[in-house]
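What follows is a single chain, given as structure tokens, in the form predicted alone.
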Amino acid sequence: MADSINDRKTLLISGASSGIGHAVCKRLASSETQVFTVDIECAPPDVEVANHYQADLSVPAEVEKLTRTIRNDIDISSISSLINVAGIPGTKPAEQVFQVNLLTVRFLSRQLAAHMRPGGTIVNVGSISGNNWGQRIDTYKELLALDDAGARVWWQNEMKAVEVDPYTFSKEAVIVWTMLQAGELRGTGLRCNVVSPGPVETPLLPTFRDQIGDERIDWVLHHSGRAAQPDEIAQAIEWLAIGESSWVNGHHLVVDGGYTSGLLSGWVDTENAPEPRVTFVD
């Protein structure tokens, strides 16, 4: 007999209406799951979801309202996985990038993790732009020790002084945050991991070309072979969210066709690499 609705896995996916988020929805929506989605746009096409919440995740008041609404609609303890896909590129204002790519991820993760049952998972989406997080680990630990209000003040004061553009900073920070939350969740039976894609064929790819520069993107694609398809990133997210990955925790999973391995092992020739465009939008 088919599972009753109370026996299904309940998943909450942000950034669900296009690109990687839409691919995750298509992969995870089945008779064994009920999927709730969040996006600034309308519900994801061609996918049957339990409910869709339309919200601008760059506005803290909307994020707080969203969590209240979800709490009223869903027994949060029944949520088996939170998948934070929503993110915006560095061509957007720096404060919005910081809010969506880091603070909203942290806020939703903490709000839900406080009620989720053992066995639950959180999966965040980073980027290979964040691969150098270790170079600024002390900065991120200092920042992430602050509450949201304090973090916004810190960002306003320090964003011009940090060594990288806002998008790279936000993705490095969310990788570090994932590792820190894995520590916060010790003893709860919950796990938190992050997936970092390279270039992906989504509607945002032209925007990333504007952000980083055509030459740099094409150079990365030359070494990885091609851009990923959204479903190829969704495969990794699915494994961490509901697959057989029960002892994988606090892990930074790079999904880029091997490009990062080339950087680390030396088969990518970085001496002739085009310089990435530095994007900073006030």
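Keep in mind that what you see is a predicted model, and the values were worked out from it rather than measured. Note that residue numbering follows the sequence shown and begins at 1.
Omitted from view is the form predicted in complex with a small molecule, to which the following refers.
Three-residue candidate spot Phe36, Ile74 and Gly120; no residue lies within 4.5 angstroms of the small molecule in the predicted complex by any non-hydrogen atom. Checking 106 to 114, 182 to 190, 132 to 140, 198 to 206 against the small molecule in the predicted complex, the stretch whose residues place heavy atoms within 4.5 Å of it is 198 to 206. Distance criterion of 4.5 Å from any heavy atom to the small molecule in the predicted complex singles out Ile40 from the list Val49, Leu28, Ile40, Val254. Here is the short version: of Ile70, Ile242, Ala236, Ala55, the single residue with a heavy atom within 4.5 Å of the small molecule in the predicted complex is Ala55. Heavy atoms of Val125 reach within 4.5 Å of the small molecule in the predicted complex, making it an interface residue. The small molecule in the predicted complex is not approached by Pro166, whose heavy atoms all lie more than 4.5 angstroms from it. Ile20 belongs to the set of residues with a heavy atom inside 4.5 Å of the small molecule in the predicted complex. Of the heavy atoms in Ala151, none are within 4.5 Å of the small molecule in the predicted complex.
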